[in-house]
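For reference, the chain that follows is the form predicted alone, supplied as structure tokens.
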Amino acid sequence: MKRIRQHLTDILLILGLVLLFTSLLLWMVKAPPLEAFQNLLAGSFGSWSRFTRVLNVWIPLTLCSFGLLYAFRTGLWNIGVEGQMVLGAVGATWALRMGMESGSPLLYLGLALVSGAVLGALWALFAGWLKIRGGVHEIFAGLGLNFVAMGLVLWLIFGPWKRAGIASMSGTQPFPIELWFPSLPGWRVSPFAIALTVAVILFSFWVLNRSRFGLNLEAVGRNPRAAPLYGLSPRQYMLAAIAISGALAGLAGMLQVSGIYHRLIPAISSGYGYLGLLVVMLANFRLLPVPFIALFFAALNVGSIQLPMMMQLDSSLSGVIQGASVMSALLVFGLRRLRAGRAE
């Protein structure tokens, strides 16, 4: 009970600091803070159509964030999650392009899921291999591979996969509706994508909190030198964790291709990989807050579209709030640890 009260206190302190900082910023530019917050809320939850757009952001952001939790358990900073999402989108596009010439859409949608997850995992494993075999820190390996992934997408869009007669930043040839994940009337989001994300959340809770594999991941992350004394191979568990992280990011990229844009575009990742890092840090690397923080960030992204139309404010205010949230969380968590250290 004491721990729950402490977490609630931390959340209230973080929210208070974010509201204070954002209100001061809006006051400095002579914009009414209350009106700005109301527009953000209306832009994300004002109608079912707007809320489904929030879910379309929440799904890939949550998948990337939960993937990062696996890597963080072993002490790895998988900064390359953005590139892994992009490679998942590339794998899905490859499969769906083959499906355009076939009469079995369900088969190729399934193949797109598998190829997206596999390519994302392989791209992550490359970063893990560079760390374990080459001594390259995973942050630098991940960032480098992110740039390679973005270059690969541009080459495909303007090269082998360019639209007939043109090469456009709008992306590849759109897929026929048969190769889209099915939706319901009035929905802008695929129920399958929601179900898949919920399944990943529940499965990850069990794996990371209840399974022996999750316990071993944490043991390797806490003390990789002592892990071999218990028969654990830090290298194998690190590679397994980063592969799972990449596979979930690849699934997110696949859903972007078939569920949102219905083609491969240059900005297919929409920055969700980097945003997932903020989500996990704001959650203090715990599982339970991640889906809710991801929903908060998704609502900010969608709701901020209202600001230029209604108040002539730049929509980048959502990024300011997201950054302020993470900085406030780091301040609150840091002060709590400092007090705990002094108490000892």
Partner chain sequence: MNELSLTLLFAGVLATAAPLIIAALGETITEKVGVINLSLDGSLLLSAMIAFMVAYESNSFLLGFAAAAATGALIAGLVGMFGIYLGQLQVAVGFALTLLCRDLAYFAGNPYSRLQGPRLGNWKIPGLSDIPVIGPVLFQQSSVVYLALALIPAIWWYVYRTVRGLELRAVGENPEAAYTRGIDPRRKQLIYTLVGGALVGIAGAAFSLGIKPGWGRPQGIEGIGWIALAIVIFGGWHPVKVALGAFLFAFLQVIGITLQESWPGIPAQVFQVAPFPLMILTLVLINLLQREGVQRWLERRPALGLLLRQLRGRPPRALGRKAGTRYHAYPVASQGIGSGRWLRLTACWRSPCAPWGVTRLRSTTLGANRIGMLDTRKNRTEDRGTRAEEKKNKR
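All figures in this text were calculated on a predicted structure; none of them were measured in a lab. Residue numbers count along the first chain shown, from 1.
Heads up, the form predicted in complex with the partner chain isn't pictured, but that's what we're talking about next.
Note on contacts: among G110, P191, G151, P176, the single residue with a heavy atom within 4.5 Å of the partner chain in the model of the complex is G151.
The single contact residue among G103, G135, G231, P185, judged by any heavy atom lying within 4.5 Å of the partner chain in the model of the complex, is G135. When the partner chain is considered in the model of the complex, D314 lines it closely, a heavy atom lying within 4.5 Å. Using a 4.5 Å cutoff between non-hydrogen atoms, P33 does not count as a contact of the partner chain in the model of the complex. In the model of the complex, the partner chain sits beyond 4.5 Å of every heavy atom of L55. Shown alone here, L20 lies farther than 4.5 Å from the partner chain in the model of the complex, counting heavy atoms only.
Contact here is defined as any heavy atom lying within 4.5 Å of the partner chain in the model of the complex, and by that definition not a single one of L196, F203 and A219 is a contact residue. For the partner chain in the model of the complex, the listed stretch (93 to 101, 138 to 146, 240 to 248, 254 to 262) containing residues with heavy atoms inside 4.5 Å is 138 to 146. Of the residues in 265 to 289, those that come within 4.5 Å of the partner chain in the model of the complex through at least one heavy atom are, in sequence order, Y274, L277, L278, M281.
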